[in-house]
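Below you'll find only one chain, the form predicted alone, shown as C-alpha cells.
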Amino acid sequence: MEIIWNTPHRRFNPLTEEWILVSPQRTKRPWLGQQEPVKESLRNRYQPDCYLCPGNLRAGGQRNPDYKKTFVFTNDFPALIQTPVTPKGKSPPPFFRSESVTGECRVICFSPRHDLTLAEMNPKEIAIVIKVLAEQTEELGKKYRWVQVFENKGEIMGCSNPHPHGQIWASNFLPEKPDKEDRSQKKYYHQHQSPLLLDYAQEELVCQQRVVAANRDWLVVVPFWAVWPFETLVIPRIPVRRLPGLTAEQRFSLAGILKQLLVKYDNLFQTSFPYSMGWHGAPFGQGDYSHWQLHAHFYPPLLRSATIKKFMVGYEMLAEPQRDITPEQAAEKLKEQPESHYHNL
C-alpha cells in the first residue's frame, strides 16, 4: 500500500460513498512549501462599527446587549424562515420539482472581544461556546429535523465580519450531505453492529499516520479520503450521537483538542487560518440512530502559503475531487507545528 500511495490512486470516502483522485507525484513541482508572509492588520478589542460587538447596532436595526460572554441572536437576514409557504396551482413537470421548507437561523458570537478567534481563546472560553452550541442544538432539535452548527472563518471563506462568530441553521428537512452520511452509517451499522466512525477512529489510532492530535475523549485526523489539503475530522473516541450528549468533562476535553488543532492551523503558515467547519450529529425526530457518531469537519482552503489556496476547478468540477499533497503528508505537517500560538512565540 505504501508504494501505491506514492503514485496516482483513488481513495474511497465511506461516509459519502464518493471517490477522490490523489496525485502525490505532483508535489515534486518546485513551488511546494513556498511561504509568502502576510501583513496582519491589528484589531481592537472593541470595534465601534462592528455589528456583532456588544452594544452596537446590527445591520437589521436591532441593538446588541452589552454581553460579556457567548451571545446568540436570531439572524437578521435568515436563509430559512419559520412560516411555511403552501404551493399553489397545478403540479409542474418533473424537471421543475420543488418543495416548501421551514427553519430558523441564528448567529453565535463566541466572545465579546472583536480581536479574538477560537484559536486565541483559552479552553475554558471555548468550552462555554461548546456548551451554548449544545444547548442551542437541543432546543432547535425539538422543532426541527436537522440542526447545522457551522463557522466560516476568514475573508477567503466569504466571512463578512471578522468578529469571532458562527451560525446555527435548523431545518425541517435533512440536507443532502448529512443524508448521505446517514445512509452510509446505517448501512455500515447493519453490516458490523458498530458505528462506522467509531471503528474508523480505532483504526486511525492504530495506524497513527494521519493523527494530528488525540486525548482521552477525542481524535483529530486528516481523513484518509480528505479532499482539501489540510482538511481534518474531529471524532469522539466514545459513542456520542449529538452535541447535547456530551458531558461537561467531554466538552472541556473537546475544547482542549480544538485549541490544539486551531493553534496548529494558525502556526502552519503563520496566519489566522481560514476554514469552513461544521458539526454533524444524528438527525432529530423518531427513529433509531444507533448508527450515528458525532463528528466535526474542518475544510481549510490554503494549500502552500497564507495566500495560495486550493481551487476546485476543471477536473474537480467536471469529474471528481483531486489532491496532490497526500493526507499523510498533511497530517505530518500539522502534527509538527508548535502548540503555542505563533503570536506568543
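From a predicted model like this one, the values you see are computed outputs, not experimental measurements. In this text, residue numbers run from 1 along the sequence as written.
Form predicted in complex with a small molecule: not shown, discussed below.
Across the options 243-251, 158-166, 82-90, 128-136, residues that bring heavy atoms within 4.5 Å of the small molecule in the model of the complex belong to 158-166. Within this chain, Phe96 is remote from the site of the small molecule in the model of the complex, having no heavy atom within 4.5 Å. Proximity of Asp199 to the small molecule in the model of the complex: non-hydrogen atoms within 4.5 Å are absent; the residue sits far from the partner. Although the partner is absent from this view, Gly285 stays clear of the small molecule in the model of the complex, with no non-hydrogen atom inside 4.5 angstroms. In the model of the complex, at least one heavy atom of Phe73 sits within 4.5 Å of a heavy atom of the small molecule.
The single contact residue among Lys309, Arg26, Arg58, Lys69, judged by any heavy atom lying within 4.5 Å of the small molecule in the model of the complex, is Arg58.
Residue in contact with the small molecule in the model of the complex (any heavy atom within 4.5 Å), chosen from Ile257, Val107, Leu118, Leu140: Val107.
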